[in-house]
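In structure tokens, the next block holds one chain alone, the form predicted on its own.
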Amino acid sequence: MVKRTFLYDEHLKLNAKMVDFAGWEMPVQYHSIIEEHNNVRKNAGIFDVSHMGEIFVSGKESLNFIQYLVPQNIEKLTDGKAMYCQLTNTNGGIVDDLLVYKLKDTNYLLVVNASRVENDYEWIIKNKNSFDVIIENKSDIYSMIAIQGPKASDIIEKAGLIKEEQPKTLCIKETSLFDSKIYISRTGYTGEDGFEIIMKNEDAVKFWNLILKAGEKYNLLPVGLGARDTLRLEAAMSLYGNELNETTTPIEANLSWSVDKNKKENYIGKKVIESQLANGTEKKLIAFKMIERAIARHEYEIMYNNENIGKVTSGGFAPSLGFNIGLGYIKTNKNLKNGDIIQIMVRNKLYNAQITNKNFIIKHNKGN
């Protein structure tokens, strides 16, 4: 049965087009995808991301337990700080990518992808072993709203949290807004400055409408999954199920920056990941822009000198840039680099593309 967030009726009031996404009935767009995309880059957008999961880990061995689950060094986190990382399996593959927040002392929050909530929870429980921890999946009692864009901070201030009290980038704080207790973090999935706000389900409708009201003077618009995808693609942010899966490691996924090379503690998949760091990989994730007029889609073949060297994982039109872009995996034995020309097979015809730097746009995150 398809799930609905507590904001479902609000989306219908705004004439949203609804689609099935990861088992949830979610808004794909309210206006046009390009209009919503450009407004996030110029002003700000509000997103219903209540389908995301919230798993809380606490107890005297919570640090050691999370250290065992991820390649990042969670010991570096101080209260109120966050890290991007991955849950890895014994082969170094990515069970999911997530944000780990240290709330306070031995209390942690893991925010995981909608399509992976139950799988992640089962994986975490399975690997609890003898660790003295409490693991609670509270995804069903929380909703999440994201405010993204260069005017996000102004909108949050208008809503009642002055800038001096707003969390810095990759930080979280527990506070009150609109007379309700919330977690607010300075994180997002667009490449822009922004916030993600977690509140109890019963407060979601109130939050949605009051923040929309607070954002009127800043041209805040509701944004659906369509623009969320084009925004993350322009920022070269990987999507689970496209760029990331259980047979792909963080090193292959160009996420070695999120792996602590000096981490002494053992973690699941460490042997494979350390071997790849030392010896390289057979495939790697690249970004490319289309030189010829064609759109690269998920699973399209990537060719070089008439040889299939990989597959597209994500692709589409980049509204901020005015041309088509994509991400994909290619074989490393061709030694291809930025600026090299490859081809994308589109409906049995080859179209030229150029390998580029992974970030198509300059990320506009602020609040450091």
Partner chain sequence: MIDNMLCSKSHEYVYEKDGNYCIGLTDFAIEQLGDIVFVELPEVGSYYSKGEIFGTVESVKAASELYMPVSGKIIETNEKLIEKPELLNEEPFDGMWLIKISSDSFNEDIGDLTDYNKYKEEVE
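This is a predicted model, so every value here is computed, not measured. Numbering follows the first chain given and starts at 1.
Here the subject shifts to the form predicted together with the partner chain, a form of this protein not shown in this document.
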263, 297, 270, 284 - the one with a heavy atom within 4.5 Å of the partner chain in the model of the complex: 297
Among 251-259, 104-112, 236-244, 288-296, the region lying within 4.5 Å of the partner chain in the model of the complex by heavy atom distance: 288-296
Interface membership of residue 360, the partner chain in the model of the complex, 4.5 Å heavy atom rule: no
Contact of residue 13 with the partner chain in the model of the complex (heavy atom, 4.5 Å): no
Partner proximity in the model of the complex: residue 56 to the partner chain, non-hydrogen atom cutoff 4.5 Å: no
Touches the partner chain in the model of the complex: residue 28 (any heavy atom, 4.5 Å): yes
Partner contacts for 72-103, taking the partner chain in the model of the complex and a 4.5 Å heavy atom cut-off: none
